[in-house]
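As structure tokens, one chain now follows by itself in the form predicted on its own.
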């Protein structure tokens, strides 16, 4: 059954879930949502565990071809339903003919739309995440285009939730690696602020700032890397590998951004500043545990007031909520 139609795709919109875990030894990148936190919360708001629509910098324009519920998280792109502003981080019922659009980016970089109906998408290695470099997963293995129509399986979902977005203020935390001794001063990374450059995509981001100086060559024998790895080429300017990162790399790695902080990197755009903080393995593990605990503690509440009214002999259920 047709679920919705893409009227405008935005700059780069794809379907992403938690990614392809466990297949890097076969050369398959993990992929998946750049901001996993936003994916998890959006899906919780619509009662699902599946891919969501990930939008980069500009939002898509979507016409709904049946009723369902949606939730919008991540970057604030000023969402609108039928040209009326809607609140993020809540369940939003939509009807046949409704149009979701986005006025423009206000904060962050990547926004997410989750759907209560099950999306019919291409699957590979237990994931429907889109990986465009080999045209697989998601919708035809590519970013969405104007006119694309997405099929769904109908799922009955009548709940209504709203949640407060998690706040993060601390620097991006880095676990130094065994190649850190290949640099003259690792403290440079933590004593300076770096700027996100225009060389930014799902594969990685290049930074600009105080160069990291190698003791010898920047090149190494290619070896495995993971999302979060900070590679440093000859220029001394760090580049952070992200969700679509290749599985091996040949530049010296000073360390790795801890996994729960990759969500914040996903919301950074060109010109944004990044400060780093060094952590131990024990601190990294504790940070991951705390993040998971914070997600569990989120209070998914229903802020609507329900009334039953009678008008000219007809009885109506009315829901009132603040918008």
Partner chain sequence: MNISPINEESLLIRLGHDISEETHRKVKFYFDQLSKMRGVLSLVPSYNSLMLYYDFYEMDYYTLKSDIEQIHYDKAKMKLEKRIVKLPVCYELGLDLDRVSKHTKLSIEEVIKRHSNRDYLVYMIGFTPGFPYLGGMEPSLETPRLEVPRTKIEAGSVGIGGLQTGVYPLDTPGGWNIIGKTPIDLFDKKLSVTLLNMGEYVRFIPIDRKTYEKIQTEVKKGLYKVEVMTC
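A quick note: this is a predicted structure, and the numbers were derived from the prediction, not measured. Residue numbers count along the first chain shown, from 1.
Only in words, not in the display: the form predicted together with the partner chain, which the text now covers.
Contact annotation for residue 104: none of its heavy atoms lies within 4.5 Å of the partner chain in the model of the complex.
Proximity of residue 95 to the partner chain in the model of the complex: non-hydrogen atoms within 4.5 Å are absent; the residue sits far from the partner. Although the partner is absent here, residue 275 lies well away from the partner chain in the model of the complex, with no heavy atom inside 4.5 Å. For the chain shown alone, residue 175 is a contact residue for the partner chain in the model of the complex, at least one non-hydrogen atom being within 4.5 angstroms.
Every member of the trio 21, 256 and 281 reaches the partner chain in the model of the complex with some non-hydrogen atom inside 4.5 Å.
Contact with the partner chain in the model of the complex, judged as any non-hydrogen atom within 4.5 angstroms, is confined among 231-239, 211-219, 118-126, 188-196 to 118-126. Within 4.5 angstroms of the partner chain in the model of the complex, the stretch 221-252 places a non-hydrogen atom from each of 221, 222, 223, 224, 226, 227, 246, 247, 248, taken in sequence order.
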